[in-house]
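There is one chain below, alone, in structure tokens, taken in the form predicted alone.
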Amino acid sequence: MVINNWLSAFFVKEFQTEPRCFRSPGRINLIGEHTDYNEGFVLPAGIDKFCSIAIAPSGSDFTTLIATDLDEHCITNHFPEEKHSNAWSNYVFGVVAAFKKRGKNIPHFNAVVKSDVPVGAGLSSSAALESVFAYAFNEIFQCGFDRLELTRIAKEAENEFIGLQCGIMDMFASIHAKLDHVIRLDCRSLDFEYVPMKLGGNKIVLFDTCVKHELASSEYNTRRLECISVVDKLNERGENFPSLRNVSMEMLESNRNLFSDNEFKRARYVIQENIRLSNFCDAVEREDWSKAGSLLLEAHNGLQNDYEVSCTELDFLVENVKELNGVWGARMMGGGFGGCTLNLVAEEKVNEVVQTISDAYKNQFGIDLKYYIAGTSDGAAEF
């Protein structure tokens, strides 16, 4: 592999010793947005964009980290116990801390990092970084953890060391991904199954709005509280639901008088999204791209009108792309209020669709649209 050879050569020149090379992918979530914290289902896949590292024990009292993409070095003779700045190295030190918490003291090491996972596009570049170091430490220092525990370690690094209260999906996908498959992940039990998804003559195209509205974090918290409120109100009537996962549309509609308009809409979206996810799995297994695309559009409609986490830029992209020849479907991806749209596009039409939408977006907003073309990939591995 070209990147393996490049990383190894860079490492040898820098440290005069042979490394081992590992990589972990970024991820997309095909469908199932805002269902994770409602103990529902998500459908992520690893993408063919990776965070790759060359790594070896340093044999000294110092650790050296080199980020080739940032042209930054970090040299330390101790691993910090808590986040000390906004430096990218904190993601690595967070993983070290999570191993230590489990009784595994990581010796000093040298590592060279190179990533082609876009930062800030909602493709989980930080999860890929945490996941590849977790996997590499486990292999090099023979810690004996399985992939699920490595997933928990990577999540703990983000939650407790970095301080971002994300869910487990990003790290789970980065570590467990499988080529030509999506992962149907139960966010309550963490049970999962691989669902075949051979894209065939299609590509996943991600259009990056290049905007992030300030509403994102506050509205995210509001949505969580609204969903909890629906469950609480039903339980006050004598039910015993742990989350919206257990609430049916019939139950929601028959108790409509209990909820505010917003609460009802939020719950309706979550319940319907779990159903859509199951139907999407069936569609991609049958390679019924028309059905899969229509479910993506339904999901966007729910996110736009019921969950109300879309924005003008995202809606513009979905509305304009869905009319183009060769586009099966599209939706906003991620938490909302900016970021990317996910588009299922016939391969022979990709260039035409990209050009048309890029021109339209530039004319409408004066912003140069970024785009990424993604296939599926395997999860964390040595290469």
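Only a predicted model underlies this, so the values are computations on that prediction, with no experimental measurement involved. Counting begins at 1, following the sequence as shown.
One more form of this protein should be noted, the form predicted in complex with a small molecule, which is absent from this view; the next part is about it.
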Judged by heavy atoms and a 4.5 Å cut-off, are 113, 126 and 158 together in contact with the small molecule in the predicted complex? yes
Which of 179-187, 80-88, 274-282, 218-226 has heavy atoms within 4.5 Å of the small molecule in the predicted complex? 80-88
Under a 4.5 Å heavy atom criterion, is residue 249 part of the interface with the small molecule in the predicted complex? no
Quick check on residue 309: any heavy atom within 4.5 Å of the small molecule in the predicted complex? no
Is residue 70 near the small molecule? Define near as a heavy atom within 4.5 Å, in the predicted complex. yes
Proximity of residue 200 to the small molecule in the predicted complex, heavy atoms at 4.5 Å: no
Looking at 244, 292, 121, 303, which is the one with a non-hydrogen atom within 4.5 Å of the small molecule in the predicted complex? 121
